[in-house]
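Single chain ahead, written as structure tokens, the form predicted alone.
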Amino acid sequence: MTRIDRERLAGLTRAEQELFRKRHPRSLELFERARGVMPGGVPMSWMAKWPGGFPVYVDSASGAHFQDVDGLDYVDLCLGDTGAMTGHSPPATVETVRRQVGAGITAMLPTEDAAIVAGELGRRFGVPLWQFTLSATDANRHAIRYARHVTGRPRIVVHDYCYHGSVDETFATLSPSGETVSRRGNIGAPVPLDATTRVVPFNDVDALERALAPGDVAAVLCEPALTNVGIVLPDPGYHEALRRLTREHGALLIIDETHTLCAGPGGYTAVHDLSPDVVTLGKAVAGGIPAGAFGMTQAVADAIAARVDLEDIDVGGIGGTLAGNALSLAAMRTTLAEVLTDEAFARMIPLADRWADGVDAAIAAHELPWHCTRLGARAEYNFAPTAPRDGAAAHAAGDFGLEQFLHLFALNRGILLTPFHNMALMSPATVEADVDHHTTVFGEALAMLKK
């Protein structure tokens, strides 16, 4: 499907790797030192996936750019895979964080900011009652536990090739025969995945109905559009069917907006008027300070309150000593009020369209059977002629070797893309020149591939 000469691709990749090593001597030096004290030489194992053989070491970051230890500047279109969607160190958030650090970081007690943030999230996402975590992973874990507790049911439903952080129940996929099995690379799964989870293809209403029919599903956990396997948008009517079927079968609907917050200030939920029972958030809402949140309807909150005794509220597997700390909440309050605003999204979304237009033009100019999909302030290309309708199709359209070359080619010319897929995200600090630089470099890469 990619119509790329593989021998030429391998040779171009080797040349880019050599250029990368020459341009990053200090990063290489730091990496070699790190290999003696960290597995793979990186602080988290997935950082080994960056192209080039070793990661770029960051010296400083501000807005939509960062500088490495070799003095090179980069347009950052990865933005922490959404964690820095605000741009790096937005001034308003930084000022608030500095002030709050001096006034106390954590005390296991609420601050005034907590109710203010909860009220703002309720306004944006349409669910009124909120709790806070330090990550979207924890928000999803807590939502699943509450769903099981209030329904008395053991299983959840997720979409094939979904991603909801490091939640055990979600590392499942469909086997060729349609059975729920552990996803490739799943490390140390505690139980067989079919004991906790049923997997359905995205956009498959019939499969969803079959999964819910036994009456043992506590919740459907879903991104409103898949993002971590490449962007997969819902078919018209899919979310209406999802909401109707979960209600008919007594399952809660949990919408994970961690990445799809890119759709607008209230995420995909607000843009498309969804009606979830629970919403989960993370990454971007505190401007880079670790934070997450989950919101719920009054009905869900009442069901929890009726089933959780005060004596046991601290030992039920919900919470964390640092959850809801003063620093995170202060950062969230300012980020929501002054950074991820309606006005910011009104700038970011057209920039993503400009990026996608550039990608589409280069693909067409080189007559490649590829496709670019758009989702608010985010866009992504894949190596198939049409947009995928489910996660399996998106995964099949991947090409790891080709991605490594394209990402490394961009990196050597001052552009960072996320290492896991071909996604670009706009921040409030991104400008047209940043986008146009990618358009130029992407076109050059395709020209090299097609010579």
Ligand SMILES: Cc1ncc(COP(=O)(O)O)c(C=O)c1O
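Just count from 1 along the sequence shown to find any residue number. Since this is a predicted model, take the numbers as computed values, not measurements.
The discussion below concerns the form predicted in complex with the named molecule, not included here.
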| item | value |
| --- | --- |
| Listed range touching the named molecule, judged in the model of the complex by heavy atoms within 4.5 Å, from 357 to 365, 133 to 141, 96 to 104, 115 to 123 | 133 to 141 |
| Contact test in the model of the complex: T297 vs the named molecule, heavy atoms, 4.5 Å | no |
| Partner contact for N228 in the model of the complex: the named molecule, 4.5 angstroms, heavy atom | yes |
| Exercise: E223 in contact with the named molecule in the model of the complex, heavy atom 4.5 Å | yes |
| Close approach of H159 to the named molecule in the model of the complex, 4.5 Å, heavy atom | no |
| The unique member of T258, N325, T269, T335 whose heavy atoms fall within 4.5 Å of the named molecule in the model of the complex | T258 |
| Option touching the named molecule, based on a heavy atom within 4.5 Å in the model of the complex, out of Y74, Y238, Y163, F345 | Y163 |
| Interface residues of 265 to 304 toward the named molecule, as seen in the model of the complex [heavy atoms, 4.5 Å] | K283 |
